[in-house]
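Presented below, as structure tokens, is a lone chain in the form predicted alone.
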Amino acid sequence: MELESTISRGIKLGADFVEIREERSRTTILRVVDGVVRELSSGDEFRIGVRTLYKGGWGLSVARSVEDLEEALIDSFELAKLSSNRSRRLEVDWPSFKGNYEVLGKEPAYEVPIERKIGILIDQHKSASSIRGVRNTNIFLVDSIKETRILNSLGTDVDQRIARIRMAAYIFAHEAGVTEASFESKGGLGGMEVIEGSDVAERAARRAVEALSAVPAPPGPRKAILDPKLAGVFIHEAFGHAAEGDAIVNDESILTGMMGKPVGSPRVSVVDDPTLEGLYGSYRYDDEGTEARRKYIVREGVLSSYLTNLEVSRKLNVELTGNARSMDFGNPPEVRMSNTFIERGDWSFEEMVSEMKDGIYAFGSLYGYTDPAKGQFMFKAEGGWLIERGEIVRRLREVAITGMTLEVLHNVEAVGNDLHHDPGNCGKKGQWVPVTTGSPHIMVRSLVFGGR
């Protein structure tokens, strides 16, 4: 059974909507720990996901080949009928899209011998471990190419071929009973040219060693400057997830009922834009085939948009934003961010330090916790600097920030002119997708600092 005829067959069975996602993916994962290859895997998968909608209930089944499509369609439809018992009917009047998009890069990573990739990571290890004080190195490289074709019963038919690559380094330094860690990564759409020549391990190593002589950060509320990495993680984790429309539908977000209302300082605008060329979270069409577009989640402090997929846009009666994303053919598209960042302002970093007088400059992010329903967060920064009388004076370690998300956004006093993006992977409902976080430096009136 061909893809188009499967859709027709599904509609004849009684489905309200049928979607076919044909996907081939090739992925290589390589990890070198202390100069030794500890993980090396490579795979090539081809599957066809069949998703059906019946009276508000969704079903998803996967075929290994075109020959298995009939069975997958029947299974998907039976699952949709079962789930419809606990669902409200959805009106199927979404727009359709047609087109194609391809980014493979100058030197596609899947064509490069694995020995060369190992050599790149070994060189990263050598450059980091040659720095006095470095105890352990943990460096990984992930490259993939995903080819998808998405069709549905409304007439959508889009093709994409997207190659991604990312290299990252965790470096640990140790001295006199003190251990410090630093993390650095580089990645994006394209081939080997994205990461070659990068010194992620060396930069992480120098920061980790630098932290050994630092003093613990003073706890309590302080005026603060956050660097682009920490501010970018904050806006993604603490705020962006709260703006995902499924959280609004399920009343699990502090932003429920806040559309059009102030959620931060007028200096703050937050953008989600999958169309930015070369960024790790970029794409032209989302995983339901909706054309991606730039949108303001917050414009000058006012909540301007929720992120949506087909189902959520209908339930909230708002526009499609092109934010349906799934990890692979076997998972349904969920509402997810892409490249999410605070828009640049007009302050220089030096102006912020001079203006702040006394406080803490916190940078980097190692891990954290957020609760979009309560609007609480905690992030362990990589480090910081104490600022006194308008000058940076002392390196700090054991830097953590905590607080209420909207309170922090309202307390933003300045936004820098130095927007920076970082690649990463975002987890939600067991699915991991590539994203980009970003921000300029921001200055916050008051932020609570703690230790580890």
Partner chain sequence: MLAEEAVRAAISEGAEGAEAFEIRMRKISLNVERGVLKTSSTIREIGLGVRAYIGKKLGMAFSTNPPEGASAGRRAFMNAKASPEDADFHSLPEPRRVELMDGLLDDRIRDIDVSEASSIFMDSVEAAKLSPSITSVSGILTLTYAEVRIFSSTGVDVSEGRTSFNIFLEVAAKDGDRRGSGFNFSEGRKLDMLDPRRFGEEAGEIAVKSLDSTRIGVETLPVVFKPKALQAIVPFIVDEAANAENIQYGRSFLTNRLNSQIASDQISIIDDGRIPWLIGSSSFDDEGIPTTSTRVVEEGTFRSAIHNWYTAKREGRESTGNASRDYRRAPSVGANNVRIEAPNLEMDEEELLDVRRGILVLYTGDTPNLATGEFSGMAETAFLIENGEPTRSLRQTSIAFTLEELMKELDGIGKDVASVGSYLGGSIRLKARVSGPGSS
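Residue numbers count along the first chain shown, from 1. Keep in mind that this is a model prediction, so the values were computed, not measured. Think of the rigid core as the biggest set of C-alphas that the two forms share within 1.5 Å after superposition.
Heads up, the form predicted in complex with the partner chain isn't pictured, but that's what we're talking about next.
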* To do: Give a yes or no on whether every one of Pro108, Pro262 and Thr290 sits within 4.5 angstroms of the partner chain in the model of the complex by heavy atom.
  => no
* Structure fact -> Checked Ser96, Asn136, Ser304, Thr275 for heavy atoms within 4.5 Å of the partner chain in the model of the complex; positive is Asn136
* Could you check which residue among Val318, Val353, Val92, Val249 gets a heavy atom within 4.5 Å of the partner chain in the model of the complex? => Val249
* To do: Choose one stretch from 343 to 351, 160 to 168, 112 to 120, 200 to 208: the one whose residues place a heavy atom within 4.5 angstroms of the partner chain in the model of the complex.
  => 112 to 120
* Within a 4.5 Å heavy atom cut-off, is His421 in contact with the partner chain in the model of the complex? -> no
* To do: Give a yes or no for Glu237: in the model of the complex, does one of its heavy atoms lie within 4.5 Å of a heavy atom belonging to the partner chain?
  => no
* To do: Tell me, yes or no, whether Arg31 is in contact with the partner chain in the model of the complex, where a contact means a heavy atom of each within 4.5 Å.
  => yes
* **Residue contact check: Asn152 to the partner chain in the model of the complex, 4.5 Å heavy atom** => no
* If we check the partner chain in the model of the complex, which of the residues in 364 to 385 reach within 4.5 angstroms of it by a non-hydrogen atom? -> Tyr367, Tyr369, Asp371, Ala373, Lys374, Gln376, Phe377, Met378, Lys380
* To do: Determine whether the C-alpha of Asp422 shifts by 2 Å or more between the shown form and the other one once the rigid core is superposed.
  => no
* Any CA movement of 2 Å or more for Arg26 between the shown form and the other one, core superposed? -> no
* Large Cα shift (2 Å or above) at Val412 between the shown form and the other one, core-fitted -> no
* Looking in the model of the complex, are the Cα atoms of Tyr369 and Val433 closer together or farther apart than here, the change being 3 Å or more? -> closer
* **Cα separation of Arg325 and Tyr369 in the model of the complex versus here, shift of 3 Å or more** => closer
